[in-house]
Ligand SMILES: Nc1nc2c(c(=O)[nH]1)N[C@H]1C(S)=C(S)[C@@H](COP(=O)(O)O)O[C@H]1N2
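Have a look below at one chain only, the form predicted alone, in C-alpha cells format.
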C-alpha cells in the first residue's frame, strides 16, 4: 500500500488593495506629495502649540525650580496668543492631511503575517502612530476650541488632560515622522507633480491641481488665524468674528469669572471688609479706606488668559512689596493669596517671590481711572506682570508670607 500524497499547501498570494474600497480613491490629489507638504506645516503648528503650551503649564505650576520671569510684561500674552493661533491654523491643515492619507487606511498589511518582517514592522509602527496621532490631535484641537468658549461638558480637568495628551500627540508625531522620513525626503525634494510615491489607483486628475489645493489649504489656515487672532491683537478685532473675547467688557477689560459665578457679593467687600497681611504671628489688618490711603502706583499691564484672549488696562493700587514691608517680610518669599470667592478653583493661589517683589505687581483698587467693579475683583485684586490671568486673584482678603 502506498502512502497518501500530502495535501499541497497553497503559497501565499500577495494581497492587494481591497476591491471596491481603495479603488474609489482615484484622485492624484490624495498623494504623498501633498500630504508631506501639508504635514510639514501641520508639524510646525503642533510644535509651536506644544512649546507654548508647556510654557503656559509651567507658569501655573506652584513649585517652580526656575522662577517664571516677570519681564517682559507682555510675554505670557504673546505666548498664549501664538498658542491659540497655531492651534487654529492646525484645524484646516489636519482636515486636509487626513483627507489626503485616508485611502492608506484601506491598504492591506504586507505578507507574510506569520513571521516578523521589516516591512510589517514599519507598517505596524506607521499605522499605530497614525491612530494615536489622529486621536490625540483631534482631542487636543477639539478640547482647546471648547476651552476657548469656556464650555466644559466633561468631568475631568482640561488643563491636566490637555497637558498629558500633548505629550502623547508629540510622541506619536515623532514616531510617524521617523517611519515616513525616507518618503518625506523624496517627495519634498521632487517636483509637486511627481508621482513616484503615488498609490497605483491614484490616476485621476482631480477637480483642481495639487498646487491649487495647497494654496487653498494655506488660505484656510491663514483665515482661521485671522478670524480668531483678534482675541489677542487689538487691531484685528473688527475682522476676527470667531474670537470669543474681543477686549471689550466692564471698564474696558473682559471678565472671565463673574462675582456671581465665584459666589462673591457686594456686601462681602463692604464696610466689614479687611485685608490681612500675615507673616508668622504678625498680622496687619487694613480696610478698603486704609488701602486707599497708602501710596498708590499705576501701571499699564495686560491681563492674559489661558483661553488666548488678552487686554491691557491701567491698574492703580498698592505695590504688593509695600504691603509685605508692613509685616517685615524679607525679599524673595512666596506669598499665599486668599480670595473671598466661595465657588470654583483658584480661591487660593501662590504669588512667587520674584512676582511679589516686582515693582509692577499691585494689589489693584482701580482700573482705567475707576474703582474696580465687583466683577473685576472689588474691593482689591492682584495684578502682576507676565502672569496667567487665572492666577491674577480677585476679591483678595489675605496675603500670607510663606517664607
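This structure is a prediction, so every number in the text was calculated from the model and none was measured. Residue numbers count along the first chain shown, from 1.
Another form exists, predicted together with the ligand; not displayed. Remarks below refer to it.
Here the chain stands by itself, but in the predicted complex one stretch of 304-312, 217-225, 134-142, 193-201, 304-312, has heavy atoms within 4.5 Å of the ligand.
Residue-level contacts in the predicted complex: of 93, 253, 318, 187, one residue has a heavy atom within 4.5 Å of the ligand, and it is 253. Contact with the ligand in the predicted complex, judged by any heavy atom within 4.5 Å, is made by just one of 346, 26, 70, 368: 346.
Proximity of residue 52 to the ligand in the predicted complex: non-hydrogen atoms within 4.5 Å are absent; the residue sits far from the partner.
Using a 4.5 angstroms threshold between heavy atoms, residue 31 stays clear of the ligand in the predicted complex. Under a 4.5 angstroms non-hydrogen atom cutoff, the ligand in the predicted complex has residue 257 among its neighbouring residues.
Using a 4.5 angstroms threshold between heavy atoms, residue 379 stays clear of the ligand in the predicted complex. For the stretch 373-403, the set of residues having any non-hydrogen atom within 4.5 angstroms of the ligand in the predicted complex comprises 375, 376, 381, 389, 390, 392, 393, 394, 395, in sequence order.
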